[in-house]
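Coming up, as structure tokens: structure 1 and structure 2, two forms of one and the same protein chain.
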Structure 1
Amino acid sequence: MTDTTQKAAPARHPAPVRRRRHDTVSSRSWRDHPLRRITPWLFLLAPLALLVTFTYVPVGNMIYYSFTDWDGVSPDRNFTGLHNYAQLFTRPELFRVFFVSFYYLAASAVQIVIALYFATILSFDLRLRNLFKGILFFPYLINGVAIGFVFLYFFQDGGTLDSILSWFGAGGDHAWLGEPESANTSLAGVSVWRFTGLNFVLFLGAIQSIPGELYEAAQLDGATRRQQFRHIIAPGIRPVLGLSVILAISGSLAVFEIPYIMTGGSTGTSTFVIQSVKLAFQFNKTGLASACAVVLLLVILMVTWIQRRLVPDDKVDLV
């Protein structure tokens, strides 16, 4: 008597093979499907629509308004050609605001140096370094309007600054915001106090991203802190330093809230943005204000292009 269980042929299961072939065919068909190619653009449709609506369309309208005499209210817009740009560069009271930006440009250079100095020191192992990091970055977190009101009382006649100076025998009431030179210097000093923390965080992050093995090897070779900064830190943070320079130049040209709160643009402290706002909303010269904004945009783009040409953003290899 034979054992049927031993002679029985093993069962075959062709179904999984057919399913695997079906999955391969379906995956190939989806890979070649036209809808798959446009799927990334469908996800980009919403942000691109917002970008075009709230950025490029207003910029286009601003450029169009700069060639008209529109007052911002009436529906009449008469084309004037380059008349607004001619006024901007021929009227001294309009062109003078360019020179105010040099105060803030010098202040930006000072704040970059201070931020780089403290970022280099606090990147090493020091006591209470986290406390000093918070102290340096805290002014950047404060609202600009609040800073303007605080320093308005700080620089007023007989205010906080005069009281501090009287402790050292230099007392007396000084009109810190009453003359163009002292007022612009004071306002630029406020910008140094506020924006040093931003550059400090950028530099500190760039320094800490440098591999620690480089510092250890430099210490074994007997390199000093100054030599480590020159040969390791400075080349490693060059891209971030270039970004800080661009932000400093563009920021010095677009200063608004601190001088507007503290002086309102009087005593020769009017910046380019303050002048544009006054032309548009106080004197109803939207066309001329748009020309100012276009010139500001072109200056920032030109400065950025020059900086990129002089200091290209090359890849840094420290190893």
Structure 2
Amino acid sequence: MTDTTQKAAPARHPAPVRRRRHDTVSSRSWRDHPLRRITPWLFLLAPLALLVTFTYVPVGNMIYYSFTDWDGVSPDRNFTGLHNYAQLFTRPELFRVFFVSFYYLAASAVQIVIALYFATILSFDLRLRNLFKGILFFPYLINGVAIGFVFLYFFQDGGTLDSILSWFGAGGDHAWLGEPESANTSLAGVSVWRFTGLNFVLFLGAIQSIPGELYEAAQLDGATRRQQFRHIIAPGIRPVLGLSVILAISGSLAVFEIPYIMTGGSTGTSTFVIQSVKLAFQFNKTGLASACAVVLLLVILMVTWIQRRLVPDDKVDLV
């Protein structure tokens, strides 16, 4: 006890000592210098400039465009007030594409379950577990455009999937991307293939941050793997699980590259973002498309908010 107070004592008053010594040179120390207050801001200058230039200015511009009738190139644009939003909400076909998101939402549920399952298994000691970790994470590293092209061949009539199915005697002759249901399911399947790795890594990280003694204690108490998962892992990774669900929902609402590359939104696979892109770049309705983007942003913010209210971000306390 005395030891610590002795140590702490000199630390409590180092500044006055030093200031007295420096007073002879300058009247004030750096600590009281007015510039000192802005030092952290100087360090933040570069990241803030980047953040403002590439996030806030474009969003500000987008909001501004959403109130105009701009066509995307013309130097002239007219302010039309809420006209774009009025149009958006009075044309049901513009919102119908949100139903396509349900395919991806269902896929996200599957994806989280798969990722959780493998993360749990591979967090225990297993042979070749680093290899399996690599295999599971690998698809996430591939560029989305490349994935689109690869799976285009995969789903082709008489392509890889058909050949594999024919080995098992299942009639390998189906236009997978040719009918709305199978097209959306196929595309959602590609999205599962691609993003499971990301969820998996998030879960794995969270599981491995749970102290190992807990498992040991649980094992000593005779808990099975299932019970360990139920009472240690699941509550331990709840914040990450919550985050994954939020990402899954916002991701499902804003699906773009996989369907855009693979089908271009044809055969009923158009999503809200594809529709916005087409409005902006095919029909030169940049104003209306910006309004779509603003609405999508608000929908996602709202969903996230509702979710946070329903499942508050509690502190994890396992012990």
Partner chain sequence: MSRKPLSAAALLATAMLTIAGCSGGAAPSTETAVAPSDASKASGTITVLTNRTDLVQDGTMGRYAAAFNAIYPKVTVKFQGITDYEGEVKIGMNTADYGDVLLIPSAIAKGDYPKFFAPLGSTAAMSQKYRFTGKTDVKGMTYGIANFGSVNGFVYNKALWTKAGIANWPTSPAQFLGDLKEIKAKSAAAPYYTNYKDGWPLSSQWTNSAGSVSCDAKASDALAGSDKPWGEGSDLHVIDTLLYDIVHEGLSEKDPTTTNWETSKTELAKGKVGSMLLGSWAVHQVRDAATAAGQNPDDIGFMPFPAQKNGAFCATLVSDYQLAVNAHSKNKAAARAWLDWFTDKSGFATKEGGVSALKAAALPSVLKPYEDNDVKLVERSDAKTEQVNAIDNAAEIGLAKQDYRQKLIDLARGAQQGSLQGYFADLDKRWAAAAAVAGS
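Quick note, the numbers are simply positions in structure 1, starting from 1. We call the rigid core whatever largest set of C-alpha positions still superposes within 1.5 Å between the two forms. In this text the structure is predicted, and so the values were computed from the model without any measurement.
In this comparison the chain labelled structure 2 is the form predicted in complex with the partner chain, and the other chain is not. Once both forms are fitted on their core, a CA shift of 2 Å or more is seen for Thr90 between the two structures.
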